[in-house]
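What follows is a single chain, given as C-alpha cells, in the form predicted alone.
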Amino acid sequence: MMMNIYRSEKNPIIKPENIRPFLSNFEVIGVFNCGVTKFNDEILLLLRVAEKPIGGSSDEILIPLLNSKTGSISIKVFDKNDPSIDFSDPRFLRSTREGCYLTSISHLRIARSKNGIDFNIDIKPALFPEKEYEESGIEDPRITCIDEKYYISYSAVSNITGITACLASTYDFRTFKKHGIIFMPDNKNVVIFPEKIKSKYYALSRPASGEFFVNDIWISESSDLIYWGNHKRLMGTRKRYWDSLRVGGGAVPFKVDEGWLEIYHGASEDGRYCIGAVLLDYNEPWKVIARSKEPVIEPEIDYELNGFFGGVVFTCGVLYEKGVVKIYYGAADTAIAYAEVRLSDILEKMEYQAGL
C-alpha cells in the first residue's frame, strides 16, 4: 500500500526566482536542502542557496572559488571541449589533471514564516564560506536546539581538503559563531541529537570510502559537541531496496513513544534519491529497531523529477507535531517543497526484523 502523503498545493514553496543573488554577476540556480526550527513564534528555514557565475562563452564553464585569504570569489575557466574533463554530472566537473570542482558555490540563508508555507527570505547570507575548507561552498544545514542554543551542522566543500563536516551556533539567528571542522574528510550528513543520552551527545554522519565505495551511516558520541569518538557503524545500504547505493542522515532525530525516529535519505544505483525512516533505541541509539521497507517520499511530481539534478527528494529538516511529521525537502536540487505524513503511517510500513 502506498504511503499517504500530503504535498502542499503551493509546492515548490521556495524557488530560485524567489531568491535575490548575493554575489554580483551571479545567478541563483538552486535553493534546497534546508534545516528547519521554531524560533520566537516563527518557523525558520536555513536554506542552501547555490549560485553560479553569469557569462563566459558557449565553449567555457566558469567555476566559482573562494579565495580564503582575501574573502573574495574568483572564477576558474575550463574548456568544455577538453577531453580530459568529465562534464556528465551538472553538479561537478572532474578533471584528470586538476581534480573535482563544483559548478556552483553555496551559502546558507534564512527564511522566516508564521504559517510554515509562505516565507520571507533574508537578502544577505546567514553563513558564507570563509575558510580554505569552504572553498567551494557550505551546504545542507541541520539545526539542533539544545538548552536554548541552536547548533548548525553543515558540509564544507573544497578541492583542497575534500568534504568536511562543520559546526556553527547561534542564540538569535542574527549572529553566528563558527566552531570549525568536527568530522574529517570525506564526511557529511551530520545530524546531532537534540539532547544528551546517558550524559553524552550523539550525532549521525556519513563517512565515504572511495576505495570500497561504502556510503553508510555511522553514530558517534561527544562530551562537548566538538570532539567526537566511539564511532560505530549504524546501518548500511540494502541490495534490491530503494537505498541500495548510499544512505545518509536527513533531519534531526525526534522522540516518539517507540524510540528515536530519524528521517534519512537513500539512493539507488540509478541515482534516484528517496526519503525514508529508521527507528532507533531510545537509550542506546546505535541499535536499529526498524526501518522503512519502502520510501516515505519518492520523486514522483514534475518538480521532483525535473530540475538541476532530477529524480531527487532530500531532507535536512522536519517538524513533528501532534502525530504529524512535517517534512521540508529539496526537490531535484532546485527548489524547496513541503509534505506531511502521519507518524502512524510511517511506523506501520516499517520492517522490524528483515532487511535491517
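None of these values were measured; they are calculated from a predicted model. The first residue of the shown sequence is 1; numbering continues from there.
Missing here is the form predicted together with a further copy of the same chain; even so, the following discussion is about that form.
Three-residue candidate spot 94, 220 and 227; every residue lies within 4.5 angstroms of a further copy of the same chain in the model of the complex by at least one non-hydrogen atom. Scanning 279, 110, 127, 182 against a further copy of the same chain in the model of the complex with a 4.5 Å heavy atom cut-off leaves one residue, 182. Residue 200 is the only one of 272, 131, 200, 80 with a heavy atom lying within 4.5 Å of a further copy of the same chain in the model of the complex. Checking 140 to 148, 115 to 123, 230 to 238, 254 to 262 against a further copy of the same chain in the model of the complex, the stretch whose residues place heavy atoms within 4.5 Å of it is 230 to 238. Put simply, residue 159 is close to a further copy of the same chain in the model of the complex: some heavy atom of it is within 4.5 Å. Although the partner is absent here, residue 99 sits close enough that one of its heavy atoms falls within 4.5 Å of a further copy of the same chain in the model of the complex. Using a 4.5 angstroms limit between non-hydrogen atoms, residue 186 touches a further copy of the same chain in the model of the complex. Although the partner is absent here, residue 267 sits far enough away that none of its heavy atoms falls within 4.5 Å of a further copy of the same chain in the model of the complex.
Heavy atoms closer than or equal to 4.5 Å to a further copy of the same chain in the model of the complex belong, across 205 to 229, to the residues 205, 207, 208, 209, 210, 211, 212, 213, 214, 216, 218, 220, 221, 222, 226, 227, 228, 229, ordered by sequence position.
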